[in-house]
Structures are given as structure tokens and as C-alpha cells.
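As a starting point, one isolated chain is supplied in C-alpha cells, in the form predicted on its own.
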């Protein structure tokens, strides 16, 4: 499957629920409309989308939420998938230790950990960092590796903890991802750190630096620790190389995280033929375009104005 910009669709990101057991200040809710209908995508709908996309060359799937571990049937969802090369999940880790036995078939996991400081974690999320730490230990033991630690870096909040995070992942089957703040709703009063400056500092310390060919992300190896920089905001390379189709928790295909004016409703897709299901999926694929891309505007370059959701 290729979109109008000749980008192959190789990855699905499926939000399985809007429910969450935390209240993270900067949560972008996977770009879902706050007015979305109170409908939760079914196991059968997920399986249908996954199987049709697998037959069309998709190789990866990632589950997100909300908090995906709040789905009591998450184990059924994983088992309903075709044999993708990579099946992963992003979780806040609060229930990871408790639900680890339901994750058979999952290859690896991403865990959101912005800080190890209990008070800072409580302020940012409302949760308990000890639950996350136990969950990380359980995930390591279960072999859900490499575990990616998602750290959203914020000035004056946790930017001073990067060194501690690096020491934590050192020597483990973990990758620390330093992520640009995506506080589109401006509700949190937070300010993202300048990852370009941090990237430059890490490059000076790095034993080995590589660049991801897809999104041009830099990865640094420092004293047996792996650190990756993720800068999706106003990043034309990130958008121009995007190969992901999103599925919302209320069963809509979402061609882009940052837009809600081009969704395709696929509720009941499990009730139609594979051919008709593919038509619906291709309808969404044909609506894909890079959100950030170089374009002439009065002799300079501009970008699409952000939608409000």
C-alpha cells in the first residue's frame, strides 16, 4: 500500500481504548477528538484491519490508548493478530506487573517514564512511580525487549534527570527515548526542552552515533547505554518518511496524528468482505499527506496550520 506521496504503509498504531488510569498533564490523547463517540473498537474489528493490512505488506503493529492494559481482553487482541514481524505496545506501566501474563505474543514494549522522582511523577501523572519500576522489572524478565523508555523532556521539570535516566538503562536491554513535548492544547503550562542542544551534547559524549534511515533519528551509545532523540514537531523529515496508519479507539482510520478532518469510519468492518475492508483502508491511505512539509509561501517555507482537537 502506497499513499499519494509514494510512502509505503508498513505500520499500524491502534488505540484500543480512551480510558486511562493516569492524568498526564501533556497527554495528546493520540490526537483523538474529545467529542468522539463512546464506542470502543472490538477485538474482531482490530483483527480484520490487522489481517487485511498484513496481506498488503504491513509488518508492524503498536497498541496504545488511553492505557491499553485497561482492556481486559488485551490478551485476546494480541492473539487475534497475524504474524507481524514486530508487535509492540506503549503503556504507562502502572498495570504492567499485574498484566504481564496477558501479553504473550507481544515482542517488546514502550513505557512512559518522564522521571524517577516520586513527587515529580505524581505531579505530572497522578500515579505511583513504584508501580512502573516493578512493571519494568517484570517486562525485562518476560523478555519484552528492547524496552523503550519514553521520556518527554521539559525545562525545569525533568531535564536535569537525563543523566540519571541514562544510568538506569545502562547495561540493560533498554533504549532511552528523549522525546519532544507535544503539548498542543497548552493546558499544562509546560515548556519543552531544546532537544537540538541536548542532541549536540550527547553527540560529544557518544562512543558511537548512528542515524535511523526512516525518520533520521539519531541514536547515541554512551558507556553501554542507548539514547535516541525523537523530534516529531515541525519536522519535515519525520513527516515525509512516516509509514504509519492510525486506528482510533472508536474505530476510525486516522491518516495523521495531527488532523481530524480526514478520518474514515470503519465500525463494523469485521462484518464485510476482505475486498470491501481493503477499499475502506485504501480510502484512508489515499488521504495521507505529510503534515509538515516544505512548501513555498511568499518565497519562504511554511507549514500547515495546526488543527484544533
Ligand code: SAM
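Only a predicted model underlies this, so the values are computations on that prediction, with no experimental measurement involved. Numbering follows the first chain given and starts at 1.
Keep in mind the form predicted in complex with S-adenosylmethionine (SAM) is missing from the figure; the text below concerns it.
Taken together, 46, 250 and 277 are entirely out of contact with S-adenosylmethionine (SAM) in the model of the complex: none brings a heavy atom within 4.5 Å. Exactly one of the stretches 155-163, 85-93, 168-176, 201-209 approaches S-adenosylmethionine (SAM) in the model of the complex with heavy atoms within 4.5 Å, and it is 85-93. For the options 150, 131, 115, 193, the residue carrying a heavy atom within 4.5 angstroms of S-adenosylmethionine (SAM) in the model of the complex is 150. In summary, among the residues 60, 283, 28, 51, the only one with a non-hydrogen atom within 4.5 Å of S-adenosylmethionine (SAM) in the model of the complex is 28.
Although the partner is absent here, residue 66 is a contact residue: one of its heavy atoms lies within 4.5 angstroms of S-adenosylmethionine (SAM) in the model of the complex. Taking non-hydrogen atoms only, residue 13 approaches S-adenosylmethionine (SAM) to within 4.5 angstroms in the model of the complex.
Though the partner is left out of this view, residue 226 does not reach within 4.5 Å of S-adenosylmethionine (SAM) in the model of the complex, counting heavy atoms only. In the model of the complex, residue 20 approaches S-adenosylmethionine (SAM) with a heavy atom inside 4.5 Å.
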